[in-house]
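Following this are structure 1 and structure 2, which are two forms of one protein chain, each written alone as structure tokens.
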Structure 1
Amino acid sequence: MLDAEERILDAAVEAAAVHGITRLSVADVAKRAGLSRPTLYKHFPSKEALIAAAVQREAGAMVGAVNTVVDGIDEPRAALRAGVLLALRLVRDHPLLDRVVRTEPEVLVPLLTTDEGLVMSAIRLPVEQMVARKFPHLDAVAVRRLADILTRLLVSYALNAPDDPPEIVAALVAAVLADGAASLPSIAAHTVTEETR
């Protein structure tokens, strides 16, 4: 049996997929979770805290699934392709994300796009760790920048899915990022040389 917080978060995602985030009712979430409102408030003191926890959990689950796939592939380009492909599929198939993107994008955009936003903070570090594992020759700054590009690209695709099939998009993104990562040491060395002149 799931613990109370997991039941509440499951119920919140379910209710938000039906009603949206703006019209999400704490009473409905409590009822779906089989708990009283006071019990729900013991775990989440406000609707905003509940939404934040649900969004972070869902983002974390997606990142975890992507990391599992990527960790099983040694070649960097193939790992990126598999990771991006799974991320695109998960985003397209997520009922809450689909509902909110279609009906309440103004609620979702701040959660997804700002550096302080829940999703950016939930996925940037795991993406950075994955980039560091797959591209060990890169320094910390290059790893951070490459992870930032990949994170922002995936968040952008979550808001507005590309027209091409996910397989094509994943292959292109992986090729561009992997080839770019391969050339970064020479770019960094060139930039330092240019700046010291």
Structure 2
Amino acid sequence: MLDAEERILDAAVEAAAVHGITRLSVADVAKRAGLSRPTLYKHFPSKEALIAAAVQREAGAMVGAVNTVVDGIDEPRAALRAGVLLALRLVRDHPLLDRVVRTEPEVLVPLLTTDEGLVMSAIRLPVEQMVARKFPHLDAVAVRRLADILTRLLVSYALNAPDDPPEIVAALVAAVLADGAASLPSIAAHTVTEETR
């Protein structure tokens, strides 16, 4: 049998994807995990801690996957494009994130505005580390600023799906951030077909 806490986190993500974040109840999570509420409270001290652990696990998995892809490519612009592409696909295909953005986006507002941009700062850290590894010639300040721009674009694409497919967007962002507007015409239609998995 899987680790109990992993099973509980799976149940939490599943329940949230079905009923939404605002309607998430620990009774529902416990039932899906095959145990009762008091047992669940032995593993997680509160509902808030349960949610925090779940989002941390989901976000960590995404960051790890993107990190792996990025580190497997030497050339900065190609690595950037592959990382952005994977990130776009992960957020688009994540059932819970998709559910929240589509049906209850208002819960994201406090995370994006009030809490000093909690989401922004959480995403910016791994993004900044990746940028630092791929653009070693940039100093720390330039890295931070480039990471800020990239983070804002990623959040924007996650909240408001672009018209173009992820392959185009990834190639576009990588081209502009790496080489500026002058490199834009190099993003031709063939990029789509050859990159489509």
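The structure presented is a predicted model; accordingly, all values stated were derived computationally and were not measured. Rigid core: the largest C-alpha set superposing within 1.5 Å between the two forms. When a residue number appears, read it as a position in the sequence of structure 1, where counting begins at 1.
The form predicted in complex with the DNA appears here as structure 2; structure 1 is the other form of the chain. Superposition of the core reveals a Cα shift of less than 2 Å for Ala140 between structures 1 and 2.
A displacement of less than 2 angstroms separates the C-alpha positions of Pro165 between structures 1 and 2, with the rigid core held in common. With the core held fixed between structures 1 and 2, Ala27 has its Cα displaced by under 2 Å. With the core fitted, the CA of Phe44 sits 3.2 Å away from its counterpart between structures 1 and 2.
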